[in-house]
Ligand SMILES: Cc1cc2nc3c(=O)[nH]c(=O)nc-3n(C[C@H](O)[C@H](O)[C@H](O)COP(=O)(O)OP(=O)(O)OC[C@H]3O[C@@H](n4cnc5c(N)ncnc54)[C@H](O)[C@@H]3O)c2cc1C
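In structure tokens, one chain follows: the form predicted on its own.
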Amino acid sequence: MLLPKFEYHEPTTLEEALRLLSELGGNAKVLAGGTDVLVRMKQKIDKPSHVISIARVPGLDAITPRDRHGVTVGSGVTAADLARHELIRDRFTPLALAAGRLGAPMIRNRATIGGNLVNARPAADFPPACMVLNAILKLKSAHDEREVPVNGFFRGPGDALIEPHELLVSINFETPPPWSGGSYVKLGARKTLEISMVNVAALVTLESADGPITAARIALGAVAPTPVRAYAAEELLVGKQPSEELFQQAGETGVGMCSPITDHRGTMEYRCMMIEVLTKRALRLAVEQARAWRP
């Protein structure tokens, strides 16, 4: 399939990229890794008159630690870079695990975290991981900038809280507290190059290595029009000792917050069963990492 005709722009500064977005607005598409937008253009789903590549804009591909308080990830950072980054793997584990499960190696070398978030696909890998880490997204335009919590960023399938003249430039993550552990698990018909049938991210904080759960976050993907936080399941966990029975209850509670569909990848009934199974597994893995926490 051939791409439709368009005018190509390759700005070399953020200011130039934002000016182009301001001038071209809804007639333009931003090109980062291109693993989604080029496919949609070939399928004639998207037919932009202009394509703005941000590959040469400096700083968008940087991972910048902020002392001990967190890390700022540029929107142009690839899944491959996140999956192998030592700090991300150690302290922001759900993000690294989600990055490592996205597509296949060639896709991960191109796909960016910003593109994955802005595309707002219900089954995307990065949104649940970012949601349990309470990520804050920085959006910039030629004349303004704003910060949006990722938990309020997704409005529907393919619909995110970003305007045509805005660019997602970075994602900020606060370092989880001591005795925290995270996980990300994904179910697909294949091990690679597969869209999630269900995916679950979890972050659990313990009082101590053997103590009760003091905080918990669970995010579910591919089970509703947008990724969802399982707030009722999170509340169920707080103040209790981790156990298989508790995790099972959390999984059952999580099902009630979802509205999965039946499609060629799986039935609604099967997805509901897998929400329970994967939530239980994600919590178990998160607690195991929390108990192994080291300063």
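For every residue, the number given is its place in the sequence shown, counted from 1. Nothing here was measured: the structure is a model prediction, and the numbers come from that model.
Omitted here: the form predicted in complex with this ligand. The next part is about that form.
- Remark: all three candidate residues (Gly34, Gly103 and Ala111) come within 4.5 Å of this ligand in the predicted bound form, counting heavy atoms only.
- Just one of Met197, Val118, Ala216, Val185 comes within 4.5 Å of this ligand in the predicted bound form, counting any heavy atom, and that one is Val118.
- This chain is displayed alone, yet in the predicted bound form one of Ala142, Ala83, Ile107, Ala224 has a heavy atom within 4.5 Å of this ligand; that residue is Ile107.
- When this ligand is considered in the predicted bound form, Ile54 lines it closely, a heavy atom lying within 4.5 Å.
- This ligand in the predicted bound form comes within 4.5 Å of no heavy atom belonging to Leu237.
- Among heavy atoms of Val39, some come within 4.5 Å of this ligand in the predicted bound form.
- Contact check for Val30: a heavy atom falls within 4.5 Å of this ligand in the predicted bound form.
- Stretch-level contact check against this ligand in the predicted bound form with heavy atoms at 4.5 Å: of 208 to 216, 143 to 151, 160 to 168, 89 to 97, the positive one is 160 to 168.
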